[in-house]
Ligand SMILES: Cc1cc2nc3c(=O)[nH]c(=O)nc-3n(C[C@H](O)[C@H](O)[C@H](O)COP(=O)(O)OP(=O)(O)OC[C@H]3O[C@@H](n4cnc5c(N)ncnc54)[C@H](O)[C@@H]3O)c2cc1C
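In structure tokens, the next block holds one chain alone, the form predicted on its own.
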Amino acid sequence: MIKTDVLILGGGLAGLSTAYHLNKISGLSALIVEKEKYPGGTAASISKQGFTFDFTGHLLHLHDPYGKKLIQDLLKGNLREINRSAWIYSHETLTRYPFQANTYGLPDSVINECLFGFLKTIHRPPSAKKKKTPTSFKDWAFETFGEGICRHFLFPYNEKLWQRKLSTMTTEWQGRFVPAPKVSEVLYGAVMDQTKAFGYNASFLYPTKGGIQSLPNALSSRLKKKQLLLGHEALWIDLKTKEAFIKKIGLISFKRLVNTIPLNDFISLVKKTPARVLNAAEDLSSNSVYCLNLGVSGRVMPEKHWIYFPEKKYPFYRVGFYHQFASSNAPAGASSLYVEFSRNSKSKVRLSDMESLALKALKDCKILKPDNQILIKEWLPIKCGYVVYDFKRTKVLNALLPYLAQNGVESIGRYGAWKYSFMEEAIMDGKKCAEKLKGNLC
């Protein structure tokens, strides 16, 4: 039987970071078990026929001084900073992101409706504003931006992304992800082509070579020999005996366990789980992302990084362009695209149908032109792509996470903590977890 102080399930960024920081600050032994044959989890890439495809757009937004320094050190000489060029396609028109600050170029009737609705929220009588506090994302969006902006973008886009009624979602997730511009910025962006960048991702960093896979590869290279076990899946876990059975390895004994795989999947692996915990885990909701990657001849959509599609006639919610992040992502004279669909994780899909719809729609909106020949197609499904912030989520986490903590489990990262986050945050989660474990075990 293999013995380790800390067993880490999942070799994504949170898991890799936990092991890296444990090595750095403690004398504890740590072992990572990852079912795939590569590190990185969803922050991974594949390379085929000269194209590099990530598991959808994975861009580095660095805000923490420590996280920024670490990532820049890991990718030293293989990193470039890029100013975002994000757009929205609606009413057969490209407008800048975010929609609420950039309606210039849309039909006059749409601009007027958006401005009128927005100004009504500003000049609403104080008594009306105090009538009720928004409890859902739908209420918050309507009271913040008004009917026009919601009808033409925020509602249809988010319904397409989240695949559910927005009245069932809380406001806990949207803080940094939905920019709320000033009144002057909304007005200016209606009459002028406003080039100001809004939001947490106004600029980003990306590897010059190797796709986003470069980051987990660099982080895993800093681990100890044989500390990362790839291609090995956990089949069951016993939190009482502190043992896990790993496919092709057998039993591993541990003192503490760090989980970074989707929380509901982890709960299903735990033996003798109380019924209340199992029942709570069933209420966790998520969406699957189906990413169709395309390599095409010719250069597509110059100077644009990605485009949002709120309208129902386009089946995807976003299309991005890897070759604009790094020229190495596509052969000379070619382009690499990612086309994102969202579906409830319990839904059944037919990739062939989605592919046909996608190719037709890409031609309809003129992203693909008659002279663009498709050279390669590659589907990369992500079973748990977005966790859903519905009204059950907080109650469920308040039932699950304390139970796991009482049994020596830290559940961290985007999927272990069941949250909407980005790559730097996953790495910082691993650092904080290592610090906590050092304090408890050393």
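Just so you know, these numbers come straight off a predicted model, no measurement behind them. Start at 1 and count along the sequence shown; that's the residue number.
Just so you know, the form predicted in complex with the named molecule exists too; it's not on screen, but the next bit is about it.
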Original post:
Hey, in the predicted complex, does T260 get a heavy atom within 4.5 angstroms of the named molecule?
Top reply: yes
Original post:
Are any of the heavy atoms in L228 no more than 4.5 Å from a heavy atom of the named molecule in the predicted complex?
Top reply: no
Original post:
Heavy atom to heavy atom, is A434 within 4.5 Å of the named molecule in the predicted complex?
Top reply: no
Original post:
Does E36 make contact with the named molecule in the predicted complex, using a 4.5 Å heavy atom cut-off?
Top reply: yes
**OP:** Run the contact test on L75, G211 and V319 with a 4.5 Å heavy atom cut-off to the named molecule in the predicted complex and return yes or no.
**Re:** no
Original post:
So which of 389 to 397, 22 to 30, 402 to 410, 49 to 57 is the stretch with heavy atoms within 4.5 Å of the named molecule in the predicted complex?
Top reply: 49 to 57
Original post:
Using a 4.5 Å cut on heavy atoms, which of L154, V289, I252, L284 is close to the named molecule in the predicted complex?
Top reply: V289
Subject >> Residues within 4.5 Å of the named molecule in the predicted complex, restricted to 267 to 282 and counted by heavy atom >> reply: L269
